[in-house]
Every structure is written in structure tokens, then in C-alpha cells.
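Before any questions on binding or motion, here is one chain by itself as C-alpha cells, the form predicted on its own.
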Amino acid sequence: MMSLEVAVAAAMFVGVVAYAVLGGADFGSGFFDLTAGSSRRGAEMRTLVDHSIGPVWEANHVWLIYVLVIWWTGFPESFAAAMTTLVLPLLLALLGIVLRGASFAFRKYSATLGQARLFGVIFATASILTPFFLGTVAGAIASGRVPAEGVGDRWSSWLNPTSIFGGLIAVGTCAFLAGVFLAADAARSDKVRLAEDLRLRALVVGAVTGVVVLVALVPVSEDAPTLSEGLAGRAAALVVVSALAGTATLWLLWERRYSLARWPAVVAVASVVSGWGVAQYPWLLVDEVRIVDAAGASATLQALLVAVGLAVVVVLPPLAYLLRLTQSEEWSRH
């Protein structure tokens, strides 16, 4: 039977997976915005990005808040250890989130083309860098570079092979997800040329990301042995599922079955993130603190599970409706 501590950790990790999938597709749109071309040539792409992520880009950060609240409430000492050690990449990620959101809003109300270009570049660049820094944080935790007592090395903790590859994989998966969803949006809107352009770009991004994941296995095996052992053991099934789902997505994109391609794309990203969590179980901070040792008082954990249950009832239905609405044909033609 699952212990109270593991139940709360699992609830927290569900938020990590949700943020990786929903926030990832949101962040990844910045890659296509940045590489869309000149103001005239890239106008159609940028209009599609605005239309696709406009209703959801703030809603997706609900998951980040959800994860942070559970972490600092349920496992406070490990949260403090991560914050004091990884303060630099976390601050850079926070800066990226703020700049991205502000620029996305300001671009719509720019008085001149120059202002629109400036805010567009800030939005797109921050969209790419933010998941990179969040990926380096995951790599630091997974490679055992966050000491239990906190205040670890503020540079080498996230500037190492596992963190760098973690950041690159985060950027690649975000761009891949966004490409698949944007291509489906373009196809539903009868923008055939744009859908074809996004299809080709998403195929390239997916293939490159797959290569990066395979290459990363070599340095990670040396740099993060506990994680590597878990990936080859208890998380192996999830790794296989992710690879199969990623391949299925590429095939469906190749066949121009855009709507269907969204589902295996989500499964691929959810599986690879879940594989990370399962691989490092039972550690909360790898090789430093186990989940059962990091947990706070039982009464606090029980209250957290009650809050999670309430969130499922109160928050999930409107979020599900919002996502269903933005993925409908009616919304695409709006």
C-alpha cells in the first residue's frame, strides 16, 4: 500500500508531468515564433501562435504553482535545499517567465513595428531559455548535486553534463509538442501551406530531439549513475513507451494526420518525464534525501491530500473545458 509520504510526492509529480506537457506546448511555441522569419514572411505563423496560446498561456502556470506549494509545504527542508543551491537557474527561469508573459501581452499593443519586433524577440527567446533552465534544475536534482543541508555549489550544481542535456531535452520536447499542436491548429483552420511548414519543422525538431536523448545516455550514465540505473531498471518500460510514442508521432506527422499526432506526442513527453520520476524513486533529492525522510508532519500531508482532492473537483473541470474549447474546430475558425 502506498504510504502517505509517497502519495503526496506522487500528487506533486502529477503536477510536474502536467506542466511539462501543457506548459511545454506553450513554451515551445516561442521556437516557431523566433524562427518564423521576417515581419512579413512570419506574420501568419506569429498570428497562429498568438491565437493558439493566447487563452492558455497563463493557465498553464497553475501547475508550476501547484508543484511549488506542495513541495515547500510537504517537504520543506528539501525545498529549502534546492532553492539555496539552485537559486541561479531558478531565478533565470522566473525572469524568463515574467519577461515572456509581459512581452507576449505588450506585442499585441505595440504602437510601432519596431516595438512589436522587440517584444516578439523577447517573448520567443524567453520561451526557449525558460524550459532550458528548468531542465538544468531537474538534471541537478537527478544527478545528486543538491546536498540535503542546502547551499550547494551554485555553478557546478547546474552546469554539468546531466543538467545541460536536461535543459536541451526540455527545449527540444517543448518545441516538438508545440510543433505538433500548431500544425493541427493550422490544418483545422485550412491553412494548408502553414500546416505543411510546421509539419516539416516538427519532424526535424522531433528527430533532432530523439538524437539528443540517445546521445545524452552516454554522459548521464557516468554523471548520474543512480538515475541511469533507474532508467535501465524500473523505468525502462516508460522509456520504451516514450520512444514508441515519439516514433508514432513522427509517422502520423509524415502522413499528415495532424489531429491524431497530438495524442502520441503527449504520451511521449508524459512518459519520458514520468520515467525520470520513477527512475529516481525513492529519492526526492537523489543520493541525499529519500521521500519518506523528507516529508513533514503527517497532519500537513493529510491536509495537502485534501487540498489536492478539492483542486481536482474545482480546478480540473474548467481547465479541461478550456483545453477542449481551444482544440475545437470552432475555435480554430474564430
Partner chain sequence: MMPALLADTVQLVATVEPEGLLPARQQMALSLGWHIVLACFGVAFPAMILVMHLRGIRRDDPVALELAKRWSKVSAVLFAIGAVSGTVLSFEMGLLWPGLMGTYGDVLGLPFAFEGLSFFVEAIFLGIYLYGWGRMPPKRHVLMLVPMAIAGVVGTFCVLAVNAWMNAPAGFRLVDGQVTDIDPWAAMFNDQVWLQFAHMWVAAYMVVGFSVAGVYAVGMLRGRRDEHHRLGFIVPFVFATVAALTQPFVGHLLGGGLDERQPAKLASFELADTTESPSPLRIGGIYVDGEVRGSIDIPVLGSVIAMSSLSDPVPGLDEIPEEDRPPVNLTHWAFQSMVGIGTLLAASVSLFWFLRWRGRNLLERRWFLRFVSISGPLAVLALESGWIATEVGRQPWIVYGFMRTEEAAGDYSGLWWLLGTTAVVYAAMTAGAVVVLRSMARRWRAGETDLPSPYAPQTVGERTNTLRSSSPPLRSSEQLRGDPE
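Keep in mind that this is a model prediction, so the values were computed, not measured. Numbering follows the first chain given and starts at 1.
Not on display, but discussed next: the form predicted together with the partner chain.
(request) Using a 4.5 Å heavy atom cut-off, indicate which stretch of 240-248, 68-76, 227-235, 186-194 touches the partner chain in the predicted bound form. (result) Going by heavy atoms within 4.5 Å, the stretch is 68-76.
(message) Please tell me which of Leu200, Leu95, Ala207, Leu159 lies within 4.5 Å of the partner chain in the predicted bound form, judged by heavy atoms.
(response) None of the others qualify; the residue that does is Leu95.
(request) Go through Leu260, Val121, Leu90, Ile164 and name the one with a heavy atom inside 4.5 Å of the partner chain in the predicted bound form. (result) None of the other options qualify; the answer is Leu90.
(message) Would you classify Asp50 as touching the partner chain in the predicted bound form, given a 4.5 Å non-hydrogen atom cut-off?
(response) Close contact exists here: in the predicted bound form, Asp50 approaches the partner chain to within 4.5 Å, heavy atoms only.
(request) State yes or no: in the predicted bound form, is some non-hydrogen atom of His61 no more than 4.5 angstroms from a non-hydrogen atom of the partner chain? (result) The answer is yes: His61 has a heavy atom within 4.5 Å of the partner chain.
(message) Please tell me whether any heavy atom belonging to Val292 falls inside 4.5 Å of a heavy atom of the partner chain, as the geometry stands in the predicted bound form.
(response) No, Val292 sits far enough from the partner chain in the predicted bound form that none of its heavy atoms falls within 4.5 Å.
(request) Would you check, heavy atoms only and a 4.5 Å threshold, whether Gly101 touches the partner chain in the predicted bound form? (result) Although the partner chain is absent here, Gly101 would touch it in the predicted bound form, with heavy atoms inside 4.5 Å.
(request) Within 4.5 Å of the partner chain in the predicted bound form, which residues of 292-310 have a heavy atom? Give them in sequence order, or say none. (result) Stretch hits, in order: Gly296, Ala297, Ala299, Thr300, Ala303, Leu304, Val306, Ala307, Leu310.
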